[in-house]
Each structure stands twice: as C-alpha cells, then as structure tokens.
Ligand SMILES: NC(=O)c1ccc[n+]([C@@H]2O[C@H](COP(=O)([O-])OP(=O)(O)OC[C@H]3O[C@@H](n4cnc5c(N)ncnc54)[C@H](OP(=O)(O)O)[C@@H]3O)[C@@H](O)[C@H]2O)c1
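Just one chain is shown here, as structure tokens, and it is the form predicted on its own.
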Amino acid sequence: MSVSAAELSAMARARELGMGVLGTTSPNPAVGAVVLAADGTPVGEGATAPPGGPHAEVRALAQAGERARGGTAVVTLEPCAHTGRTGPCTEALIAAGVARVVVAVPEPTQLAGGGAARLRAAGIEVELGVEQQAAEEGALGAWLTGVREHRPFVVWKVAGTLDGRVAAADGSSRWVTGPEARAAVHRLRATCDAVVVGSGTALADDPQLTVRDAELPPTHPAAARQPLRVVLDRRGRLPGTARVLDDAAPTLVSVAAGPQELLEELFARDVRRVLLEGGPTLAAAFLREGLVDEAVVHLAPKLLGAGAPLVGDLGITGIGDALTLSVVGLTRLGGDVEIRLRPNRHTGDRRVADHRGATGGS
C-alpha cells in the first residue's frame, strides 16, 4: 500500500495536534488525529483530552460526522482495542465507517495492543509505521520513554552566557536572558507534568516555578493547569517561606536519594515529562546517569569570564570521553538563541513493556 500526499499532510497536522496537548494527557499519550473524507479533504481533527476525556480519534470523528464514512483516519498512535476509562477507539472507527487508517507508531503495550488487527478484521485497510520516527521524537516521546524505560522523559533547560555561565561571580543570575527567552521557558513548562529543581536553586533564586507568560488561549487544556513543582531537598533546607510552597500550584518536596529514585517517585505519580531547571550540580547528576533525554539551552550574547558554569563536574577528563549532543533545533528568541539538543547515547535494550506502570491508549 502507498501513502498519498494528502495522508502525509494529514500526518504532519496530526503530529502538530499531539504537540498542542503535550503536558495535559499524562499518563496517557499525547496523540493527534485527522480524518479525511473519501476525496482526501480534511473534515475532522482532534487530540487526546486530559485523562478520562475522549481520545484523539473520537474527537476527530465527532467533528467529521458522516463525512468520515468511506474516508481515512490518520493518527499518530495505533488506535486502542481495549476499554479503559474510555471505550476502544477501534470500535469508534468501525462505527464511523472509515475505509482506511494510517498510523505512525504501532501500539507498544500489551494492554492496548491489537488495534490494527481488529480494524483489519472489520475490513478496514491499515497502514502502520508512516513517518514513525518523527512521531516518536515528537509528542509521543515522553510516553514512549515511560513504556520502554519506566521513567519520565527529562528535558534539561538551562540559560547562560556565551562563555557558559549561568550566574556571575557574585552569584547574581537574574535576567541572564531577555523577555522572549523567558516567555519561551513558560511555554516549555506548560508542556511538562513536573518542574524539578534542587534545594540550592530554591534557596538561591526563590523561584515560583509556575506557568505565567505562556500566551496560551483560555480554551487550551494547559491554560487551566500547573505542572507539579518538585524540590529535591534531602537535607531539609527549604524554608517554609519559599515561593515554591505557595498555593499557586501543587508542590512535592522530595528526599529521594538521587535522580533515579526521584524519577521513580514521579513516575508513580503519573508524571511522564519532567522539566529539569536545577543548577549545575543537579544537572550534572542527571547527565552522569544518562537521564537527560533533551536539552534546551538559551544562550545570551554576553560574557562574564567567571561565575557558575552551565553544568557541574561530569567526571570527564579527556576530550575523547566528552558527552556529545546533536542539535535538533535552533531558534532566535529576541536577542538570544535557543538550541535544542539530544544526547548521543546508546539506549540499551528497549524491550517492550508488559504494561508495568505504563498506560496505553486508555
């Protein structure tokens, strides 16, 4: 079977729709779906609602109505065949009379699997693996990390100067970057389930760690929620007057022994995407253990010459052992630059989970 230009365009739109609800669907995947009429015209689209709400396919079918009959559903994740908090998406597609389903990522969990087989048994043509890598690296990345590694996906965000300083020699760090970059941080927070700092950052900067200037429309799912604020404070140093303890958002003060234990604690709370905003020491701990999945670096065209570095000691002594990263995005933010990177590391044996703590399309 071949994939048409209209279906490829619809898949690109479906990925955008999934990104649009990132941070609002956990522990469920952020899926996007587009319905094409029989002539290839887009007639419906949707993305996964917060837990308990309709899935992407159901929302797209509702918008399409009768125009879905004989058409094609294009979806970033294989439709589920089981009943969770909502009914199986496969049955909704069958009832709508679609003739074809185009899927980016096959369902990796045993619980929600079997969707393609159910659709084919009902006489529906199914195409799997269309632009799979792009979908896996997009909105589904966090959920897939949970399925494969039983931990949240970690985004490390850091802002610094051209010479790699996050603070001056006197410890001052406020306004390293400009307003556009700071607004981008709030938009990034809105895509995450939790924001993590260490007690050192909480004491030095007294951050509130809320989403404030994300410029989200009032109807956007993320506009009505705040990510969980997490402070790793093993020594009980956080004062009761800290801004992170106000009532603007939920807060967890963790005494976890290290990054692995902290991520296990957050995973058990249905957190699937973490924004690491801690200082150089905490960042180094996550990087040393191979627990950073993406880095978002904001660089300001400034030089300090001294002060706190972007990251602490990684235990690397030779250039040949350097942790290397690939640039996956480059954006100008006012006078600053945003660089998105992914570490080049061997991910090991990514065996498919048997749904131990991983939620399929439920």
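Not measured: the values here are computed from a predicted model. Start at 1 with the first residue shown and count on from there.
Beyond what is shown, the protein has a form predicted in complex with this ligand; the following relates to that form.
The candidate stretches are 141-149, 270-278, 100-108, 74-82, and the one lying within 4.5 Å of this ligand in the predicted complex by heavy atoms is 270-278. The putative spot formed by Thr210, Ala242 and Thr251 is not touched by this ligand in the predicted complex; no residue has a non-hydrogen atom within 4.5 angstroms of it. Using a 4.5 angstroms limit between non-hydrogen atoms, Gly198 touches this ligand in the predicted complex. This ligand in the predicted complex comes within 4.5 Å of a heavy atom belonging to Arg234. This ligand is not drawn, but in the predicted complex it has no heavy atom within 4.5 Å of Gln226. In the predicted complex, no heavy atom of Arg118 sits within 4.5 Å of this ligand. With the partner omitted from this view, the residue of Leu282, Leu263, Val130, Val292 that lies near this ligand in the predicted complex is Leu282 [heavy atom within 4.5 Å]. Checking Ala190, Val155, Ala96, Ala159 against this ligand in the predicted complex, a heavy atom within 4.5 Å turns up for just one residue: Ala159. Taking this ligand as it sits in the predicted complex, the stretch 161-178 comes within 4.5 angstroms of it through a non-hydrogen atom at Val166, Ala167, Gly171, Ser173, Val176.
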